[in-house]
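Single chain ahead, by itself, as structure tokens, in the form predicted alone.
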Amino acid sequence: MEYYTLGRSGLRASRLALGTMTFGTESGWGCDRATARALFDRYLDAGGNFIDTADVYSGGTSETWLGEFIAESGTRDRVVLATKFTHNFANTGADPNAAGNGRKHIIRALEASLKRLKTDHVDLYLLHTWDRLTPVEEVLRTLDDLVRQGKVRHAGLSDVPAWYAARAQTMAELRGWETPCALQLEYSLLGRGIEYEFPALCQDRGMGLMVWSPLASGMLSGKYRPGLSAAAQTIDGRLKASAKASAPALQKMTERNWGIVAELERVAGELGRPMAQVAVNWVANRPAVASVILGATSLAQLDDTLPALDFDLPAELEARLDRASALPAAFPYAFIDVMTARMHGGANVGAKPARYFDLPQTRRGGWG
């Protein structure tokens, strides 16, 4: 297992993280306690140290079980423990402060998480989702206070717009507050939309990208087959469960995506590797990516992805995957590309190479 420092922090986290959203069956597609413990043990045995959870996962069951596993195994000092706040998983009635990113809820959520996790601190505390309401100053100052109190070691953001993350990082630097060292986002061969802005943002501001859903809810594992709707698939999983939702963002079985899956299957066949390993390898080596979160409901699934970084993806095969999943040109970047020659007086003025500043964190342009 390899380890990267997370963003511009000294926190050393494994490049493959264990996601525990599957710990518990309240969502309808998770795993039981015995399986969750087996996943936890197998991940640590493989050398992993970065475990991601959230207060909302399985209605608190994920944090509760994880806290028990860490305590029983005596691995609290070894584990880099990350959890998140924002959502309300309890039936609290009409309580507007029972969720969101306000100071009142952040502090209450952390105290509850610490109790479930059986610890006095978390190593990484992330805003789970932008709530569109709370001033960024309030979020940052609250996180800074919690770091100063010793209850949080590092702070991060998840599922926020790029402008919000940039504003948060810049403001924290200006005010001398704890700066977010991680940015957790969905990213995969089927979902490359973050590439328009986020990798460049992370490289410029020194945040490590934490990737969730690298297999696009299992679609890139090869277990789902074309020609059938998610609801009609014979195998259970997150993608099938999400078919009940009407949100377009959850509907991944499109003609475009099936084409990407087909090319991934061909590339994996040429490499003699499972599709899941190739998909994780591809995203783990994208610019700015610090760690990829692996979710599983069985040991077989985890064993399928843990060796994902044990091989190099040949450049020609990587290029084929890039072409199959390429994003359409978008404004303003496509326009700027066309205008570049006009902005340098006809001279060849290129970007500085990664080693221009002689930084140690230069793997493919990413921090870590």
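Start at 1 with the first residue shown and count on from there. Since the model is a prediction, treat every value here as computed from it, not as a measurement.
As for the form predicted in complex with a small molecule, it is not shown, yet the points below apply to it.
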| query | finding |
| --- | --- |
| All of 52, 57 and 218 with a heavy atom within 4.5 Å of the small molecule in the model of the complex | yes |
| The small molecule in the model of the complex: contacting segment from 257-265, 287-295, 134-142, 115-123, heavy atom within 4.5 Å | 287-295 |
| Contact label in the model of the complex: residue 21 to the small molecule, heavy atom within 4.5 Å | yes |
| Close approach of residue 184 to the small molecule in the model of the complex, 4.5 Å, heavy atom | yes |
| Interface membership of residue 301, the small molecule in the model of the complex, 4.5 Å heavy atom rule | yes |
| Contact test in the model of the complex: residue 69 vs the small molecule, heavy atoms, 4.5 Å | no |
| 202, 276, 109, 165 - the one with a heavy atom within 4.5 Å of the small molecule in the model of the complex | 276 |
| The small molecule: the contacting residue among 169, 101, 281, 158 in the model of the complex [heavy atom, 4.5 Å] | 158 |
